[in-house]
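Take a look at this single chain, the form predicted on its own, given in structure tokens.
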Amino acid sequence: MKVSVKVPATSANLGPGFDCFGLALPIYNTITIEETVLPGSGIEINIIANSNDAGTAFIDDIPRDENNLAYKAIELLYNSIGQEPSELKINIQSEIPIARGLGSSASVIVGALLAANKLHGFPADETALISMATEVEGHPDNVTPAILGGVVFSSVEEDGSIVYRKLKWPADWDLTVCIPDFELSTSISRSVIPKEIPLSDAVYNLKHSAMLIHAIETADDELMTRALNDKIHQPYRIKLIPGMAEIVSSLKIEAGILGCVLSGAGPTLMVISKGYNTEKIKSKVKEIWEGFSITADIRTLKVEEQGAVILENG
């Protein structure tokens, strides 16, 4: 028996919500797992990348053994029911650009978990799946919207439990996702953030995270333009993204642009707008990045309200 799961891309942080907020996007990976019947065949992991995706250097570095994130997720699910995975074939159809801040690793973890869960008759409920996905990923900001869809805020509590709630994204807020042609590993992007931050910056982000929740829940355009400001991660990461400062500055003065944020650890940028010509956004971003010899895949998208889906033909 084999099972396939289609999982959306995700964008984490949304400005001030570092490691707390995330939303799902309509770009997908499909993860298929199959328990083979040939004794001793071991683990076979295949990664099929979208040939249209610019830059896939990180694919060659992805483990094809027990260190693969999909296998780690499957192993965790099996162990939760007192079993060990043996002969497995895992296929990862990759449409989500890798190392761009779009939750590609979270999608693989979630897809593998949900597929393994179906193979074994759904022993794990939603809460357990989110807990296991977070254990493999390290934090829940990407895995929760990958499972639930929509916009989600989440927190790992001191007792290890995960608190999460889904919000409804305003239907008339557009997302223009700007994916540059270079990759940026999460480890490098995290390394530039100080281990300690000023109390004033922490308080600033607390206030703006509260604004963010209220702005989304009430579709408050004006509040959203303030809510997206951040002092914890973007001021440090901006130096890793050529042209980001210029793009943010150029768009900030435009009426109808609610904000421009880094998607996850970057380098993808996400522009949130309402009633603004999104083709003009694309043109502005393209023009600025061309000045830095960067090309980009720029797409205007809506939030994907549906999370991971088990495919019927899996």
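Every value quoted in this text rests on a predicted model; they were computed, and no experiment measured them. Throughout, we count residues from 1 along the sequence that is shown.
Below, we turn to the form predicted in complex with L-homoserine (HSE), even though it does not appear here.
- Here the chain stands alone, but in the predicted bound form its contact with L-homoserine (HSE), taken as any heavy atom within 4.5 Å, falls in 133 to 141 among 69 to 77, 203 to 211, 158 to 166, 133 to 141.
- Residue Thr186 is the only one of Thr186, Gln83, Ser86, Thr127 with a heavy atom lying within 4.5 Å of L-homoserine (HSE) in the predicted bound form.
- Site annotation in the predicted bound form: the residue of Ile272, Leu251, Leu269, Ala265 reaching within 4.5 Å of L-homoserine (HSE) with a heavy atom is Ala265.
- Against L-homoserine (HSE) in the predicted bound form, the set Lys6, Thr32 and Lys118 makes no contact: no member has a heavy atom within 4.5 Å.
- Using a 4.5 Å cutoff between non-hydrogen atoms, Leu25 does not count as a contact of L-homoserine (HSE) in the predicted bound form.
- None of the heavy atoms of Arg226 is located within 4.5 Å of L-homoserine (HSE) in the predicted bound form.
- L-homoserine (HSE) in the predicted bound form is not approached by Glu305, whose heavy atoms all lie more than 4.5 angstroms from it.
- Among residues of the shown chain, Lys231 is not one whose heavy atoms approach L-homoserine (HSE) to within 4.5 Å in the predicted bound form.
- Interface residues of 210 to 237, taken as those with a heavy atom within 4.5 Å of L-homoserine (HSE) in the predicted bound form (partner not displayed), are limited to Arg237.
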